[in-house]
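Below you'll find only one chain, the form predicted alone, shown as structure tokens.
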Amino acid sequence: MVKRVAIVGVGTTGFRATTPDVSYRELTYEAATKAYLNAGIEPKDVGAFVSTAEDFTEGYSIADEYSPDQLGAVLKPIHTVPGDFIQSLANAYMIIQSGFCDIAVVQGLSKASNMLTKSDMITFATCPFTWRPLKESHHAIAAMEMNRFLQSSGNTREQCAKVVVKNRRNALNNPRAVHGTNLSLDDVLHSEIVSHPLGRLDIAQYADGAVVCVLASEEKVQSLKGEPIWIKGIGWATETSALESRTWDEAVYLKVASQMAYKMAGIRSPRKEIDFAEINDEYSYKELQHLEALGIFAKGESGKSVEAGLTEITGEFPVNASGGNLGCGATLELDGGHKVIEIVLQLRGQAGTNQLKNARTGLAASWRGVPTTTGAVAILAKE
């Protein structure tokens, strides 16, 4: 029999542009301590731990060695997912479903400020024969996709700029965000070109931070302190990694991942059955592309919806009320963790100034970033 599983505790350090004052271990320890207090548990109560870590981005071989001590997971079952936080969330969900334990913990972090050659590291993930020899910035890959997406969908560069203005403004009222600011449309449209048509302000700046979530089975939830937020659906997918054979005009990975999550949650009309979303907007056009892949808006309609104010905090379907990646920061493998914790806080009515009205079901969608075609979706609800 399928069990219901809920997120009963969340903890985060928030997000900062740089964290020279704390180590990997200290980031995770702070987030874990907050999550355990939030759930009303101690590490000894946890049956399994899932660490989210990618050795290349953390700069260490076997990077998950930085997880057990500060999670209280020494001599406990723990494994690492070298992917996105939502993929780790899915692993913890399945561990509980299997009957292995009733409480599981998911951890993720970003220490992007430690990386001095981010572009070189990301480019290293591309094909050594066709792309790497060109010595182009990894942003050039996103720029090519942006060109194709805009041409195919009919969305415009101006509509992408409106995404930047909206999300950076939303971040001003989010205490966990680091890149909030008031921008005009002209500021974005006339920012320095990095790789046409991507301007500097179309690209999310990096951020450091950590997130820890405590999951529990329905039977265990009753004895815990934290307000449960139920995992209704979850899905993940990867399209081809090759630049030469992928689909450039739509986010197939998120389309497949969302269909998987919708089927699990019993959702037939996402626009009507989901109240709001926190989705990857690492590049301005990605919010529009991802909204269409998720089936929230039809092809070519996402940009018009942004222009009409439908995705504003006060709109019909709020998107990235937290500020998204553009306002909170690009956080590497922690991308989904940022989305999930913002959804949980909204559903609990704890999002402060950016709190949405009547938020009962939210969607979190992540992307692993250039040059990948890997995405994940989680649908969370109050009941």
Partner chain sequence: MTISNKQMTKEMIEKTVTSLSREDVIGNKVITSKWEPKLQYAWDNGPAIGRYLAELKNGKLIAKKCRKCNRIMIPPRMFCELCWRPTDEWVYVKDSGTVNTFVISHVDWKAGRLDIKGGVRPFTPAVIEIDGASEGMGILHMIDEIDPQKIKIGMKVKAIWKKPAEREGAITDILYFKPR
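All of these numbers come straight from a predicted model, not from anything done at the bench. Positions refer to the first chain, counted from 1.
The form predicted together with the partner chain exists for this protein as well; it is not shown, and the discussion that follows is about that form.
Task: Region of this chain that lies against the partner chain in the predicted complex, out of 70-78, 246-254, 160-168, 264-272 [heavy atom, 4.5 Å] - done: Contact-bearing stretch, as computed: 70-78.
TODO: Tell me, out of 330, 351, 48, 32, which residue has a non-hydrogen atom within 4.5 angstroms of the partner chain in the predicted complex.
DONE: Partner contact (heavy atom, 4.5 Å) among the options: 32.
Open item on the list: Is it true that 13, 180 and 205, all three, sit within 4.5 Å of the partner chain in the predicted complex, judged by heavy atoms?
Closed with: Not a single listed residue reaches the partner chain in the predicted complex, so no.
- [ ] Would you check, heavy atoms only and a 4.5 Å threshold, whether residue 298 touches the partner chain in the predicted complex?
- [x] Contact check for residue 298: no, nothing within 4.5 Å of the partner chain in the predicted complex.
Open item on the list: Given that the partner chain is not shown alongside this chain, does residue 219 nevertheless sit within 4.5 Å of it in the predicted complex, heavy atom to heavy atom?
Closed with: Because no heavy atom of residue 219 falls inside 4.5 Å of the partner chain in the predicted complex, the answer is no.
Open item on the list: With the partner left out here, check for me: in the predicted complex, does some heavy atom of residue 304 sit within 4.5 Å of the partner chain?
Closed with: No, residue 304 stays farther than 4.5 Å from the partner chain in the predicted complex.
Task: Exercise: residue 23 in contact with the partner chain in the predicted complex, heavy atom 4.5 Å - done: Because a heavy atom of residue 23 falls inside 4.5 Å of the partner chain in the predicted complex, the answer is yes.
Open item on the list: Given a 4.5 Å distance limit between heavy atoms, list every residue of 113-134 close to the partner chain in the predicted complex, or none if there are none.
Closed with: If the 4.5 Å heavy-atom criterion is applied to the partner chain in the predicted complex, 113-134 yields 113, 114, 115, 116, 117, 120, 121, 123, 124, 128, 129, 132.
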